[in-house]
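Okay, here we've got a single chain as C-alpha coordinates, the form predicted alone, with questions on binding and movement later.
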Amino acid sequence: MLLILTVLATALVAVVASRGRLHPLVGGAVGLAGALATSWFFAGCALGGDVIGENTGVQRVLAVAAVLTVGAGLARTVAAVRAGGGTAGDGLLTELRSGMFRTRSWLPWLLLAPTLLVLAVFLYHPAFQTFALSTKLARMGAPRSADVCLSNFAELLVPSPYLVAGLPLAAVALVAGLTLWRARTTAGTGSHTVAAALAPLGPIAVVVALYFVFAPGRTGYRGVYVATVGISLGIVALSMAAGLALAYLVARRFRGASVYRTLLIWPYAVSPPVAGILFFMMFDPTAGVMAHLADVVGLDFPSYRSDGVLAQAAIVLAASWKWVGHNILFYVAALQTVPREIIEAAAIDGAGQWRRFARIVVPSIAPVTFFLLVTNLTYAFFDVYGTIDYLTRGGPSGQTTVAIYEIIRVGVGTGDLGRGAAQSAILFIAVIGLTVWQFRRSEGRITYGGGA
(Lines give C-alpha, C1' and ligand atoms only; values in the text may rest on other atoms or scores of the structure.)
Protein backbone atom coordinates (compact mmCIF):
# COMPACT_ATOMS: atom_id res chain seq x y z
CA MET A 1 0.00 0.00 0.00
CA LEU A 2 2.89 2.36 0.82
CA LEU A 3 4.34 1.67 -2.62
CA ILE A 4 1.05 2.52 -4.33
CA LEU A 5 0.67 5.76 -2.36
CA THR A 6 4.24 6.76 -3.23
CA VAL A 7 3.64 6.25 -6.94
CA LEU A 8 0.32 8.12 -6.85
CA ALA A 9 1.90 11.04 -4.96
CA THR A 10 4.76 11.18 -7.47
CA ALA A 11 2.35 11.15 -10.39
CA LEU A 12 0.27 13.93 -8.80
CA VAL A 13 3.30 16.19 -8.30
CA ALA A 14 4.44 15.51 -11.87
CA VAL A 15 0.99 16.49 -13.19
CA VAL A 16 1.01 19.70 -11.17
CA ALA A 17 4.50 20.52 -12.46
CA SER A 18 3.49 19.85 -16.06
CA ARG A 19 0.62 22.36 -15.71
CA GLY A 20 3.08 25.14 -14.96
CA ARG A 21 2.34 25.57 -11.27
CA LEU A 22 5.83 24.33 -10.40
CA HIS A 23 9.12 24.55 -12.24
CA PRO A 24 9.52 21.56 -14.59
CA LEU A 25 12.80 20.66 -12.90
CA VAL A 26 10.98 20.36 -9.58
CA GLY A 27 8.56 17.90 -11.15
CA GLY A 28 11.46 16.00 -12.71
CA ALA A 29 13.37 15.87 -9.44
CA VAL A 30 10.30 14.68 -7.54
CA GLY A 31 9.59 12.10 -10.24
CA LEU A 32 13.19 10.86 -10.07
CA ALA A 33 13.05 10.64 -6.28
CA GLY A 34 9.70 8.82 -6.44
CA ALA A 35 10.96 6.34 -9.01
CA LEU A 36 14.09 5.65 -6.98
CA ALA A 37 11.97 5.22 -3.86
CA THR A 38 9.70 2.84 -5.76
CA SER A 39 12.60 0.70 -6.89
CA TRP A 40 14.06 0.90 -3.36
CA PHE A 41 10.84 -0.51 -1.90
CA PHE A 42 11.17 -3.40 -4.34
CA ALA A 43 14.93 -4.03 -4.13
CA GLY A 44 16.11 -2.15 -1.05
CA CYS A 45 16.33 -5.33 1.02
CA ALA A 46 19.31 -6.45 -1.07
CA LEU A 47 21.09 -3.08 -0.80
CA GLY A 48 20.36 -2.42 2.86
CA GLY A 49 22.11 -5.46 4.28
CA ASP A 50 18.93 -7.49 4.85
CA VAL A 51 19.44 -9.79 1.90
CA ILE A 52 17.90 -13.22 2.51
CA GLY A 53 18.46 -16.61 0.92
CA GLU A 54 21.12 -17.88 -1.47
CA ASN A 55 22.94 -16.03 -4.25
CA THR A 56 23.19 -12.81 -2.26
CA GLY A 57 25.67 -11.33 -4.75
CA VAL A 58 23.22 -11.88 -7.62
CA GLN A 59 20.43 -10.28 -5.58
CA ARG A 60 22.55 -7.18 -4.99
CA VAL A 61 23.35 -6.97 -8.71
CA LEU A 62 19.62 -7.16 -9.52
CA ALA A 63 18.82 -4.48 -6.95
CA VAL A 64 21.46 -2.10 -8.30
CA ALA A 65 20.26 -2.75 -11.86
CA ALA A 66 16.66 -1.95 -10.89
CA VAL A 67 17.57 1.33 -9.19
CA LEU A 68 19.96 2.44 -11.97
CA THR A 69 17.49 1.54 -14.76
CA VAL A 70 14.64 3.51 -13.20
CA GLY A 71 16.93 6.42 -12.32
CA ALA A 72 18.44 6.54 -15.82
CA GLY A 73 14.99 6.56 -17.41
CA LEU A 74 13.79 9.44 -15.26
CA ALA A 75 17.05 11.36 -15.72
CA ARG A 76 16.69 11.03 -19.50
CA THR A 77 13.14 12.39 -19.29
CA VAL A 78 14.29 15.36 -17.18
CA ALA A 79 17.10 16.06 -19.65
CA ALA A 80 14.59 16.02 -22.54
CA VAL A 81 12.39 18.52 -20.68
CA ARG A 82 15.36 20.81 -20.00
CA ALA A 83 16.35 20.64 -23.67
CA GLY A 84 12.85 21.76 -24.65
CA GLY A 85 11.99 18.55 -26.43
CA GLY A 86 8.93 17.90 -24.30
CA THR A 87 7.17 14.60 -24.24
CA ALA A 88 4.71 12.85 -26.49
CA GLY A 89 1.81 14.04 -24.38
CA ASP A 90 2.61 17.75 -24.66
CA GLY A 91 0.74 18.15 -27.92
CA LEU A 92 -2.34 16.51 -26.47
CA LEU A 93 -2.19 18.72 -23.36
CA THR A 94 -1.90 21.79 -25.59
CA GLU A 95 -4.98 20.72 -27.55
CA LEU A 96 -6.87 20.17 -24.32
CA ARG A 97 -5.89 23.59 -22.98
CA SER A 98 -7.04 25.29 -26.18
CA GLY A 99 -10.38 23.44 -26.28
CA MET A 100 -13.54 23.52 -24.25
CA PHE A 101 -11.78 22.09 -21.17
CA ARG A 102 -9.58 25.18 -20.78
CA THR A 103 -11.80 26.84 -18.17
CA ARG A 104 -13.01 23.58 -16.61
CA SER A 105 -9.89 21.75 -15.59
CA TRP A 106 -11.78 19.36 -13.32
CA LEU A 107 -14.11 18.12 -16.06
CA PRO A 108 -11.59 15.88 -17.94
CA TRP A 109 -10.60 14.22 -14.67
CA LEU A 110 -14.27 13.68 -13.80
CA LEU A 111 -14.91 12.07 -17.19
CA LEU A 112 -11.78 9.94 -16.90
CA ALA A 113 -12.52 8.89 -13.31
CA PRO A 114 -14.47 5.66 -14.14
CA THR A 115 -11.73 4.48 -16.51
CA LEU A 116 -8.95 5.40 -14.08
CA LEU A 117 -10.80 3.60 -11.27
CA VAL A 118 -11.16 0.43 -13.35
CA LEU A 119 -7.48 0.59 -14.36
CA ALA A 120 -6.37 1.12 -10.75
CA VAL A 121 -8.47 -1.76 -9.38
CA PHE A 122 -8.06 -4.34 -12.13
CA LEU A 123 -4.65 -3.47 -13.65
CA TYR A 124 -2.31 -1.37 -11.50
CA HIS A 125 -3.17 -2.89 -8.13
CA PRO A 126 -2.70 -6.52 -9.36
CA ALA A 127 0.56 -5.48 -11.02
CA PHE A 128 1.90 -3.99 -7.79
CA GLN A 129 0.71 -7.05 -5.87
CA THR A 130 2.55 -9.31 -8.33
CA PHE A 131 5.83 -7.44 -7.78
CA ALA A 132 5.30 -7.55 -4.01
CA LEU A 133 4.49 -11.28 -4.12
CA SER A 134 7.67 -11.95 -6.13
CA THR A 135 9.75 -11.01 -3.06
CA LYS A 136 8.03 -13.49 -0.75
CA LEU A 137 8.00 -17.20 -0.04
CA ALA A 138 4.28 -17.80 -0.48
CA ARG A 139 2.41 -21.06 -0.96
CA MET A 140 -1.13 -21.38 -2.22
CA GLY A 141 -3.44 -21.93 0.77
CA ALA A 142 -0.75 -21.11 3.34
CA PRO A 143 -1.94 -18.56 5.96
CA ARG A 144 1.39 -16.69 6.08
CA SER A 145 4.25 -15.73 3.81
CA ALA A 146 7.89 -14.82 4.46
CA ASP A 147 10.09 -12.16 2.88
CA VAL A 148 12.88 -13.64 0.73
CA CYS A 149 14.07 -10.42 -0.92
CA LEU A 150 15.07 -11.16 -4.56
CA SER A 151 15.92 -14.84 -4.13
CA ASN A 152 12.96 -15.87 -6.34
CA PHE A 153 14.68 -14.00 -9.17
CA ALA A 154 18.22 -15.02 -8.26
CA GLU A 155 17.46 -18.75 -8.36
CA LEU A 156 16.54 -18.43 -12.05
CA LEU A 157 20.00 -17.02 -12.89
CA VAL A 158 23.53 -18.36 -12.83
CA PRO A 159 25.11 -18.05 -9.35
CA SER A 160 27.93 -15.75 -10.54
CA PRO A 161 27.18 -12.02 -9.94
CA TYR A 162 29.98 -11.12 -12.35
CA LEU A 163 28.27 -12.93 -15.25
CA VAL A 164 24.85 -11.52 -14.31
CA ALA A 165 26.27 -7.98 -14.32
CA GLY A 166 28.94 -8.26 -17.01
CA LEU A 167 27.20 -10.04 -19.89
CA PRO A 168 24.18 -7.68 -20.19
CA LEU A 169 26.48 -4.65 -19.81
CA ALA A 170 28.74 -5.94 -22.58
CA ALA A 171 25.74 -6.52 -24.86
CA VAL A 172 24.31 -3.06 -24.15
CA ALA A 173 27.74 -1.49 -24.76
CA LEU A 174 27.94 -3.28 -28.13
CA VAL A 175 24.47 -2.02 -29.10
CA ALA A 176 25.33 1.54 -28.05
CA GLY A 177 28.67 1.43 -29.86
CA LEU A 178 27.15 0.20 -33.13
CA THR A 179 24.36 2.79 -32.89
CA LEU A 180 26.83 5.60 -32.23
CA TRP A 181 29.09 4.42 -35.06
CA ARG A 182 26.20 4.45 -37.53
CA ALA A 183 24.96 7.85 -36.34
CA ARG A 184 28.40 9.48 -36.66
CA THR A 185 29.02 8.31 -40.24
CA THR A 186 27.62 9.76 -43.44
CA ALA A 187 25.09 7.77 -45.43
CA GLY A 188 26.55 6.29 -48.60
CA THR A 189 30.09 5.95 -47.26
CA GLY A 190 31.83 2.64 -46.73
CA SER A 191 31.98 3.13 -42.97
CA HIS A 192 28.24 3.73 -42.79
CA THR A 193 27.60 0.62 -44.90
CA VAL A 194 29.76 -1.51 -42.60
CA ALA A 195 28.03 -0.05 -39.52
CA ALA A 196 24.61 -0.81 -41.02
CA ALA A 197 25.69 -4.35 -41.87
CA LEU A 198 26.91 -4.95 -38.31
CA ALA A 199 23.79 -3.45 -36.67
CA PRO A 200 21.98 -6.83 -36.31
CA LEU A 201 24.85 -8.01 -34.11
CA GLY A 202 23.52 -5.83 -31.27
CA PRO A 203 20.16 -7.58 -30.76
CA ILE A 204 21.85 -10.96 -31.32
CA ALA A 205 24.39 -10.13 -28.58
CA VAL A 206 21.55 -9.27 -26.17
CA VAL A 207 19.79 -12.59 -26.89
CA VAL A 208 23.04 -14.55 -26.43
CA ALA A 209 23.93 -12.67 -23.20
CA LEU A 210 20.53 -13.45 -21.68
CA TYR A 211 20.98 -17.12 -22.66
CA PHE A 212 24.15 -17.36 -20.55
CA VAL A 213 22.64 -15.29 -17.69
CA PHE A 214 19.77 -17.71 -17.10
CA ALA A 215 20.71 -20.84 -15.19
CA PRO A 216 20.56 -24.23 -16.95
CA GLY A 217 18.87 -27.34 -15.57
CA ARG A 218 15.42 -28.08 -14.21
CA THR A 219 15.51 -25.29 -11.58
CA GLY A 220 16.96 -22.71 -13.98
CA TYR A 221 15.24 -20.62 -16.61
CA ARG A 222 17.47 -21.21 -19.65
CA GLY A 223 15.27 -23.89 -21.20
CA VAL A 224 12.14 -21.76 -20.78
CA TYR A 225 13.98 -18.79 -22.30
CA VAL A 226 15.08 -20.77 -25.37
CA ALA A 227 11.61 -22.24 -25.92
CA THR A 228 9.95 -18.83 -25.48
CA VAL A 229 12.26 -17.06 -27.93
CA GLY A 230 12.07 -19.81 -30.57
CA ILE A 231 8.32 -20.37 -30.46
CA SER A 232 7.42 -16.67 -30.18
CA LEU A 233 9.60 -15.66 -33.12
CA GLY A 234 8.19 -18.54 -35.17
CA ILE A 235 4.60 -17.53 -34.41
CA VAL A 236 5.19 -13.86 -35.22
CA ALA A 237 7.09 -14.55 -38.46
CA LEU A 238 4.69 -17.19 -39.79
CA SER A 239 1.43 -15.48 -38.82
CA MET A 240 2.49 -12.09 -40.20
CA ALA A 241 3.97 -13.46 -43.45
CA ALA A 242 0.97 -15.70 -44.08
CA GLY A 243 -1.46 -12.93 -43.14
CA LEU A 244 0.15 -10.46 -45.58
CA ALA A 245 0.37 -13.00 -48.40
CA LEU A 246 -3.26 -14.13 -48.05
CA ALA A 247 -4.52 -10.57 -47.63
CA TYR A 248 -2.66 -9.49 -50.77
CA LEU A 249 -4.31 -12.30 -52.72
CA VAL A 250 -7.87 -11.76 -51.45
CA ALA A 251 -7.72 -7.95 -51.57
CA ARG A 252 -8.46 -8.15 -55.30
CA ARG A 253 -12.03 -7.86 -56.52
CA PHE A 254 -13.61 -11.12 -57.68
CA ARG A 255 -16.94 -12.90 -57.35
CA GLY A 256 -17.47 -14.31 -53.83
CA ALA A 257 -14.54 -12.35 -52.39
CA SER A 258 -16.42 -11.42 -49.19
CA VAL A 259 -17.33 -15.05 -48.48
CA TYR A 260 -13.77 -16.17 -49.15
CA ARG A 261 -12.37 -13.50 -46.81
CA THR A 262 -14.80 -14.54 -44.06
CA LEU A 263 -13.66 -18.16 -44.35
CA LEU A 264 -10.05 -17.03 -43.99
CA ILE A 265 -10.79 -14.86 -40.96
CA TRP A 266 -12.98 -17.24 -38.94
CA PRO A 267 -10.07 -19.11 -37.21
CA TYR A 268 -9.53 -15.85 -35.28
CA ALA A 269 -12.80 -16.64 -33.44
CA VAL A 270 -11.48 -20.03 -32.33
CA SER A 271 -10.07 -20.14 -28.80
CA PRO A 272 -6.45 -21.30 -28.27
CA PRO A 273 -7.51 -24.56 -26.51
CA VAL A 274 -9.78 -25.46 -29.43
CA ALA A 275 -6.91 -24.78 -31.85
CA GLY A 276 -4.77 -27.15 -29.79
CA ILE A 277 -7.45 -29.86 -29.91
CA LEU A 278 -7.89 -29.47 -33.69
CA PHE A 279 -4.17 -29.84 -34.38
CA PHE A 280 -3.97 -32.71 -31.89
CA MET A 281 -6.64 -34.52 -33.94
CA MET A 282 -4.67 -33.85 -37.13
CA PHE A 283 -1.10 -34.60 -36.02
CA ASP A 284 -1.50 -37.18 -33.26
CA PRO A 285 0.92 -40.02 -34.21
CA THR A 286 -1.51 -42.81 -33.25
CA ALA A 287 -5.03 -41.55 -33.99
CA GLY A 288 -4.52 -38.37 -36.04
CA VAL A 289 -5.79 -37.74 -39.54
CA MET A 290 -2.29 -37.17 -40.97
CA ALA A 291 -1.00 -40.40 -39.42
CA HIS A 292 -3.90 -42.30 -41.03
CA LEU A 293 -3.20 -40.78 -44.45
CA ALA A 294 0.51 -41.59 -44.13
CA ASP A 295 -0.38 -45.17 -43.20
CA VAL A 296 -2.60 -45.48 -46.29
CA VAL A 297 0.29 -44.58 -48.61
CA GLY A 298 2.77 -46.72 -46.63
CA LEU A 299 4.78 -43.96 -44.91
CA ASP A 300 5.84 -43.60 -41.28
CA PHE A 301 4.37 -40.49 -39.72
CA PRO A 302 6.86 -38.82 -37.32
CA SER A 303 5.74 -38.24 -33.74
CA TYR A 304 5.93 -34.72 -32.35
CA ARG A 305 5.54 -36.19 -28.87
CA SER A 306 9.13 -37.46 -28.87
CA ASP A 307 10.79 -34.84 -31.10
CA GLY A 308 11.29 -31.37 -29.61
CA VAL A 309 11.70 -29.62 -32.97
CA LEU A 310 8.50 -31.16 -34.34
CA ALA A 311 6.66 -30.30 -31.12
CA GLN A 312 7.73 -26.66 -31.38
CA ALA A 313 6.78 -26.64 -35.08
CA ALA A 314 3.32 -28.01 -34.20
CA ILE A 315 2.83 -25.25 -31.61
CA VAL A 316 3.96 -22.57 -34.07
CA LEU A 317 1.65 -23.94 -36.78
CA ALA A 318 -1.40 -24.19 -34.52
CA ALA A 319 -0.92 -20.77 -32.90
CA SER A 320 -0.22 -19.10 -36.27
CA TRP A 321 -3.32 -20.69 -37.83
CA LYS A 322 -5.45 -19.37 -34.99
CA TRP A 323 -3.98 -15.81 -35.25
CA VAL A 324 -3.56 -15.40 -39.02
CA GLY A 325 -7.20 -14.33 -39.40
CA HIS A 326 -6.50 -11.33 -37.17
CA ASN A 327 -3.60 -10.28 -39.40
CA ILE A 328 -5.60 -10.80 -42.61
CA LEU A 329 -8.35 -8.55 -41.24
CA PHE A 330 -5.97 -5.62 -40.69
CA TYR A 331 -3.88 -6.18 -43.82
CA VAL A 332 -6.95 -6.27 -46.09
CA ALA A 333 -8.07 -2.91 -44.67
CA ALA A 334 -4.54 -1.49 -45.06
CA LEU A 335 -4.16 -2.70 -48.65
CA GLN A 336 -7.36 -0.89 -49.64
CA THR A 337 -5.72 2.43 -48.64
CA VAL A 338 -2.70 2.01 -50.96
CA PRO A 339 -3.02 4.58 -53.80
CA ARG A 340 -3.93 2.69 -56.98
CA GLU A 341 -2.68 5.48 -59.24
CA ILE A 342 0.87 5.06 -57.90
CA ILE A 343 0.82 1.31 -58.52
CA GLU A 344 -0.56 1.83 -62.03
CA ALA A 345 2.10 4.48 -62.76
CA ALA A 346 4.83 2.10 -61.61
CA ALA A 347 3.40 -0.64 -63.83
CA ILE A 348 3.43 1.71 -66.81
CA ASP A 349 7.09 2.53 -66.05
CA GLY A 350 7.91 -1.17 -66.27
CA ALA A 351 8.06 -2.17 -62.59
CA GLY A 352 7.23 -5.84 -62.10
CA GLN A 353 4.67 -7.17 -59.63
CA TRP A 354 7.24 -8.08 -56.96
CA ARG A 355 8.97 -4.70 -57.27
CA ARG A 356 5.64 -2.86 -56.95
CA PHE A 357 4.84 -4.94 -53.89
CA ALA A 358 8.25 -4.39 -52.24
CA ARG A 359 8.75 -0.70 -53.13
CA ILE A 360 5.17 0.67 -52.93
CA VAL A 361 2.80 -1.66 -51.07
CA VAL A 362 5.05 -2.67 -48.14
CA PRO A 363 6.12 0.92 -47.23
CA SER A 364 2.53 2.13 -47.54
CA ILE A 365 1.25 -0.38 -44.98
CA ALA A 366 4.22 0.00 -42.59
CA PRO A 367 2.13 1.57 -39.75
CA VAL A 368 -0.24 -1.42 -39.79
CA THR A 369 2.72 -3.80 -39.91
CA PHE A 370 4.24 -2.11 -36.86
CA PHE A 371 0.93 -2.34 -34.98
CA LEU A 372 0.60 -6.02 -35.90
CA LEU A 373 4.19 -6.69 -34.83
CA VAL A 374 3.40 -5.43 -31.32
CA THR A 375 0.07 -7.29 -31.06
CA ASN A 376 1.54 -10.50 -32.51
CA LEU A 377 4.41 -10.45 -30.00
CA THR A 378 1.93 -9.91 -27.16
CA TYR A 379 -0.19 -12.81 -28.41
CA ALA A 380 2.85 -15.08 -28.80
CA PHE A 381 3.96 -14.34 -25.23
CA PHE A 382 0.63 -14.48 -23.40
CA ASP A 383 -2.07 -16.38 -25.37
CA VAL A 384 -0.51 -19.71 -26.29
CA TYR A 385 -1.04 -21.49 -22.96
CA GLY A 386 -4.25 -23.24 -24.07
CA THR A 387 -2.73 -24.42 -27.35
CA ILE A 388 0.35 -25.85 -25.61
CA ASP A 389 -1.64 -27.46 -22.80
CA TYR A 390 -3.93 -29.34 -25.16
CA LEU A 391 -1.28 -30.21 -27.77
CA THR A 392 2.02 -31.01 -26.00
CA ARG A 393 1.59 -30.15 -22.27
CA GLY A 394 5.01 -28.51 -22.37
CA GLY A 395 6.84 -31.62 -23.61
CA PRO A 396 8.82 -33.40 -24.72
CA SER A 397 11.35 -32.70 -21.94
CA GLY A 398 10.09 -29.14 -21.52
CA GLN A 399 10.98 -28.05 -25.06
CA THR A 400 7.58 -26.39 -25.56
CA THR A 401 7.41 -24.94 -22.03
CA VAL A 402 7.27 -21.23 -22.78
CA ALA A 403 7.24 -18.47 -20.16
CA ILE A 404 3.46 -18.17 -19.71
CA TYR A 405 3.09 -21.98 -19.48
CA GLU A 406 5.87 -22.16 -16.85
CA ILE A 407 4.27 -19.33 -14.83
CA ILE A 408 0.94 -21.16 -14.59
CA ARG A 409 2.65 -24.51 -13.97
CA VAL A 410 4.73 -23.12 -11.10
CA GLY A 411 2.17 -20.71 -9.63
CA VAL A 412 -0.98 -22.83 -9.96
CA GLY A 413 0.29 -26.37 -10.53
CA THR A 414 2.83 -26.49 -7.71
CA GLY A 415 1.34 -23.64 -5.63
CA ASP A 416 4.63 -21.67 -5.46
CA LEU A 417 3.09 -18.22 -5.79
CA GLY A 418 6.31 -16.28 -5.08
CA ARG A 419 8.32 -17.96 -7.81
CA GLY A 420 5.40 -17.72 -10.24
CA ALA A 421 5.10 -13.99 -9.51
CA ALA A 422 8.85 -13.53 -10.10
CA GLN A 423 8.56 -15.20 -13.50
CA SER A 424 5.52 -13.02 -14.27
CA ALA A 425 7.61 -9.93 -13.50
CA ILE A 426 10.37 -11.15 -15.82
CA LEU A 427 7.87 -11.72 -18.65
CA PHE A 428 6.31 -8.29 -18.02
CA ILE A 429 9.72 -6.58 -18.17
CA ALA A 430 10.63 -8.51 -21.34
CA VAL A 431 7.44 -7.43 -23.14
CA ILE A 432 7.89 -3.80 -22.05
CA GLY A 433 11.53 -3.86 -23.18
CA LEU A 434 10.67 -5.34 -26.58
CA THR A 435 7.89 -2.81 -27.12
CA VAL A 436 10.13 0.13 -26.24
CA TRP A 437 12.86 -1.23 -28.54
CA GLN A 438 10.36 -1.57 -31.39
CA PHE A 439 9.17 2.01 -30.92
CA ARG A 440 12.74 3.31 -30.93
CA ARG A 441 13.66 1.27 -34.00
CA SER A 442 10.60 2.58 -35.88
CA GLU A 443 11.28 6.27 -35.15
CA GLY A 444 11.70 8.10 -38.46
CA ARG A 445 10.98 4.96 -40.49
CA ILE A 446 7.18 4.85 -40.26
CA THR A 447 4.95 7.75 -41.25
CA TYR A 448 1.28 8.16 -40.50
CA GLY A 449 -1.30 10.01 -42.52
CA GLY A 450 1.09 10.82 -45.33
CA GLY A 451 3.34 12.97 -43.17
CA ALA A 452 7.05 13.27 -43.74
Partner chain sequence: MKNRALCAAAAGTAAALVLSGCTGSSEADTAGDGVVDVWVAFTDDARLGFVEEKAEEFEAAHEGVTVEVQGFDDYETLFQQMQLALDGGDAPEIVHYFEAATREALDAVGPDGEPVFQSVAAATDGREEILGEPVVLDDVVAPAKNYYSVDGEFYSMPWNTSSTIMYGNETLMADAGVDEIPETWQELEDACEKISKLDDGPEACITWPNHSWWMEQAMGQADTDLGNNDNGRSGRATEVELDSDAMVDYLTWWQDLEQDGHYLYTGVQRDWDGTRAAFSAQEVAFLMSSSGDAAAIDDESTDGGYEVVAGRMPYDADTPYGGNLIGGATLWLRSGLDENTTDASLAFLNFFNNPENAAEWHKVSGYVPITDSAVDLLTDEGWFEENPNFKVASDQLDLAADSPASTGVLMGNFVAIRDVVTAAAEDILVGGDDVTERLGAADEEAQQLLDDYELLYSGE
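Keep in mind the model is a prediction, meaning the values are calculated, not measured. Residue numbers count along the first chain shown, from 1.
One more form of this protein should be noted, the form predicted in complex with the partner chain, which is absent from this view; the next part is about it.
Novice: If the cut-off is 4.5 angstroms on heavy atoms, which of these, 129, 306, 115, 258, is the one near the partner chain in the predicted complex?
Specialist: Result of the distance check: 306.
Novice: Using a 4.5 Å heavy atom cut-off, which residue among 342, 299, 172, 140 comes into contact with the partner chain in the predicted complex?
Specialist: Of 342, 299, 172, 140, the residue with a heavy atom within 4.5 Å of the partner chain in the predicted complex is 140.
Novice: Any idea which of 261-269, 132-140, 239-247, 222-230 reaches within 4.5 Å of the partner chain in the predicted complex, heavy atoms considered?
Specialist: In short, 132-140.
Novice: Spell out, yes or no, whether the shortest heavy atom distance between residue 396 and the partner chain in the predicted complex is within 4.5 Å.
Specialist: Contact with the partner chain, yes.
Novice: Might residue 424 be said to contact the partner chain in the predicted complex, defining contact as any heavy atom within 4.5 Å?
Specialist: Taking the distances in the predicted complex, the answer for residue 424 is no, it never comes within 4.5 Å of the partner chain.
Novice: With the cut-off set at 4.5 Å between non-hydrogen atoms, does residue 176 touch the partner chain in the predicted complex?
Specialist: Residue 176: no contact with the partner chain in the predicted complex.
Novice: Look up in the predicted complex whether residue 145 has a non-hydrogen atom within 4.5 angstroms of the partner chain, and give yes or no.
Specialist: Output for residue 145 is yes: heavy atoms within 4.5 Å of the partner chain.
Novice: Do any residues of 269-293 have a non-hydrogen atom within 4.5 angstroms of the partner chain in the predicted complex? If so, which ones, in sequence order?
Specialist: Contacts from 269-293: just 286.
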